[in-house]
Ligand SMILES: Nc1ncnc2c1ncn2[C@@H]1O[C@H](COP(=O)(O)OP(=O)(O)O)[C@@H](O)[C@H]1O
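Read the single chain below, which is given as structure tokens and is the form predicted alone.
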Amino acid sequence: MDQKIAKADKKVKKIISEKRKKDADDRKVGSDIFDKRTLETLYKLANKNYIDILNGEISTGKEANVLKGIKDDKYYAVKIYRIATSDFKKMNFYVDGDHRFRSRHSNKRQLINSWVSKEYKNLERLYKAGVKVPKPITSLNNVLILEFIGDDEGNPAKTVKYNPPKDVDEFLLKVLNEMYKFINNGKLIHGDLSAYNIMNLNEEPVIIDVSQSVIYNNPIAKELLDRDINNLTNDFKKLGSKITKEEIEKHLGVKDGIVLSLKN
């Protein structure tokens, strides 16, 4: 096992170093996310030809780092969940009530692996439903590989929080159209939709971070839907939108927190 880990460590360090830009953002990619099992996972993904190079960091969240991967001169997003800093209780809260994950996990690593699998399955479901989300490529343990959202030069698109749309109301209506498909075609509720989780790609919205998303008939779905609507209302109001919460609910076909088209 020690030989395997050493080999994995050497392989991943080579992946990280090749063609790596020497700027401050890249230097943030450190040992905090590369524990032994993560190194082994990246080694397996490299051997399966999913990635050749890790080339800097796209974003850092509370529980995961998103790195830029390259394979055959094409960019990918490589999302790595950090075992040590992930919120164990929060993850179990969102996994509960999802028939795809019937049992609670007492082991943190197993829970994170299920969490990554959940995000992959949610993305796969949404992508097939025609929602503008990153296309999922593969997942293994605490690592998820996704379509890169950005330009051909490898510059990632920014979220609405950091790149507000030029026409706020027009953009919000596009978001609501995606949210409608998210709910009615994908039959999922995002659960954490805000200006931080919507990318602005050439004035088109791309919805990200769907790990916590739940099936529409989950016991907590109504609560999460109301939170999404409130977040959208408040975030876009700050950007200058005149669209009200009531208008958002009407656009989505929601009444009293219930999606009428999905009412049991």
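The numbering used is simple: start at 1 and walk along the sequence shown. Note that this is a predicted model, so its numbers are computed, not measured.
Absent from the display: the form predicted in complex with this ligand. The rest refers to it.
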Give a yes/no on whether G191 approaches this ligand to within 4.5 Å in the predicted bound form, heavy atoms considered. no
So, in the predicted bound form, is I58 in contact with this ligand at a 4.5 angstroms heavy atom limit? yes
Is L54 close to this ligand in the predicted bound form, meaning a heavy atom pair under 4.5 Å apart or at it? no
V66 within 4.5 Å of this ligand in the predicted bound form, heavy atoms: yes
Just to be sure I understand the contacts: of L111, A77, L176, L140, which is the one whose heavy atoms reach within 4.5 angstroms of this ligand in the predicted bound form? A77
Here the chain is shown alone; which of N231, N200, N197, T38 has a heavy atom within 4.5 Å of this ligand in the predicted bound form? N197
Please determine, with the chain shown alone, which of 147 to 155, 124 to 132, 164 to 172, 180 to 188 has non-hydrogen atoms within 4.5 Å of this ligand in the predicted bound form. 147 to 155
When this ligand is considered in the predicted bound form, the residues of 205 to 227 having a heavy atom within 4.5 Å of it are I208, D209
